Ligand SMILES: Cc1cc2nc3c(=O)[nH]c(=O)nc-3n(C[C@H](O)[C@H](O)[C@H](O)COP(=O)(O)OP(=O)(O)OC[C@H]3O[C@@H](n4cnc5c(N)ncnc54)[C@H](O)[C@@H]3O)c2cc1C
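Form predicted alone, single chain, as structure tokens, below.
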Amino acid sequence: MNRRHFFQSSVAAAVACALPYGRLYAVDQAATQAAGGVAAVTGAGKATVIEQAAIRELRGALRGGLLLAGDPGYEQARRVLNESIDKHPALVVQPTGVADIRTAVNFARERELLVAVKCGGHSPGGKSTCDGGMQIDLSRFRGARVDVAARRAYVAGGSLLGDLDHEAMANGLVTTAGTVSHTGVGGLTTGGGYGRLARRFGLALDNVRSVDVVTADGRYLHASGDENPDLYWGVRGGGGNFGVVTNFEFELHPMQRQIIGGNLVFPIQRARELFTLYREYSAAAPDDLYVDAAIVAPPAGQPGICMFHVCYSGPAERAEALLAPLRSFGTPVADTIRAQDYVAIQKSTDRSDPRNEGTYLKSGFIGAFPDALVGAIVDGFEPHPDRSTVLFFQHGGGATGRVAADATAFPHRYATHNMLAVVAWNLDGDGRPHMDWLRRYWAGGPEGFTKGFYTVETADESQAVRDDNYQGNLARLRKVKRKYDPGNLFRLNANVEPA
């Protein structure tokens, strides 16, 4: 670096140390750029500066985009689905291929930058964006290809679940792919991968036959049962701890396109009865029947409801008898259960309208569903005029439980259900009272019946809680982390600290 660059970077460093990160980050960046660099932060939380010469060099090495605060597209890239997360990366890299991802990872590692990797942006805690670090935004790195004869799908790391569903189902093939089509394949699959077909075909990660990964040292590795098997094991349940997955190879399964699915909706006053029926009914369901249950309290002026959500992918002639216990529950407020396209039901809970709301979530797995849990859910549930309040279950068990706890890094094979509680509020108001209420409600009732939680939904848990959540797989995960990311470059996740 020449004397002029050194002087400019020194001034920029002084500015960086004096300025906070947050909502005024775009203004801060303008000041530091004028001084000769871009204010940034390391993974350890220390202020640093990326000199302009390095920014120019990085931009020239990428085929995809490099965005700084103020650039067109920066605001859209930095945002995530949870609108209450308002963070400002120092720079956003938008790779179009593996070479760009390797360039970005090497750049970040050499400067010890904080790194966030964004696929669909669904992380409840906003871990796919960051203040002051590098965001690797994979939105330009998407695509799915199906090999019909081999029954395999090859899916680029930035793809959304809808990309996979669309291509596979066009050929009469499927694999487990979540319940919201605009979820990122990477985050959901590496964390677990519940979905409407999980009871029949296993978790999304159970259907992964190989992955390609850019690790923290910039290597591009293939991992499968035969090649780099420790990385293959760790990626399936260890989340983004080991690198950026650039390609997933999924096993596909034959399935008819038409399923039976939809909702049965009842007044909120019947919630206790509904959950009582649900705990018995869901326990006896065959693998090809997926059924959720929920209690929902909208903001003021809208009636509360409770509901069943169904997706039955088995022989159509069996549907009527299987659904009879739900039909006998009484006259619903709404009944949308019908024969429909599987891809359509996968899109049925998508969020397509722009909103100005924040959300906060707590979740946990249950391996048993005692009657006392029904009381814990209903008795403490409180509607509020300024928020939406929801508690719902995702149906597990079936094929998800017929895998050994240590066969993949995902240890929660005992889980019959994933239980989630969510509050949402308008960003014009203060979200803190609503988050505080949810913490009290969760800790005072439902949480006591849980064991572990879905790492995809991690938000503000402590490191000790995250460690405990990996259960008997933690020690092995820490060894894999030490091998592939000893400096903990990839830490914005359900983090595993290197052994």
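If you're wondering where the values come from, they're calculated on a predicted model, not measured in any experiment. Residue numbers here begin at 1 and follow the sequence given.
A second form of this protein, the form predicted in complex with this ligand, is not displayed here; the remarks below concern that form.
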query: Interface residue in the predicted complex among Thr389, Ser313, Thr179, Thr175, criterion: non-hydrogen atom within 4.5 angstroms of this ligand; finding: Thr179
query: Contacting member of Gly202, Gly237, Gly121, Gly261, with respect to this ligand in the predicted complex [4.5 Å, heavy atom]; finding: Gly121
query: Stretch from 103-111, 269-277, 186-194, 88-96 whose residues place a heavy atom within 4.5 Å of this ligand in the predicted complex; finding: 186-194
query: Asn207, Trp233 and Gly397 each touching this ligand in the predicted complex (heavy atom, 4.5 Å); finding: no
query: Distance check, Gly364 to this ligand in the predicted complex, heavy atom within 4.5 Å; finding: no
query: Proximity of Ala153 to this ligand in the predicted complex, heavy atoms at 4.5 Å; finding: no
query: Contact of Phe453 with this ligand in the predicted complex (heavy atom, 4.5 Å); finding: no
query: Proximity of Glu457 to this ligand in the predicted complex, heavy atoms at 4.5 Å; finding: yes
query: Partner contacts in the predicted complex for 127-165 (non-hydrogen atom within 4.5 angstroms of this ligand); finding: Lys127, Ser128, Leu138, Gly157
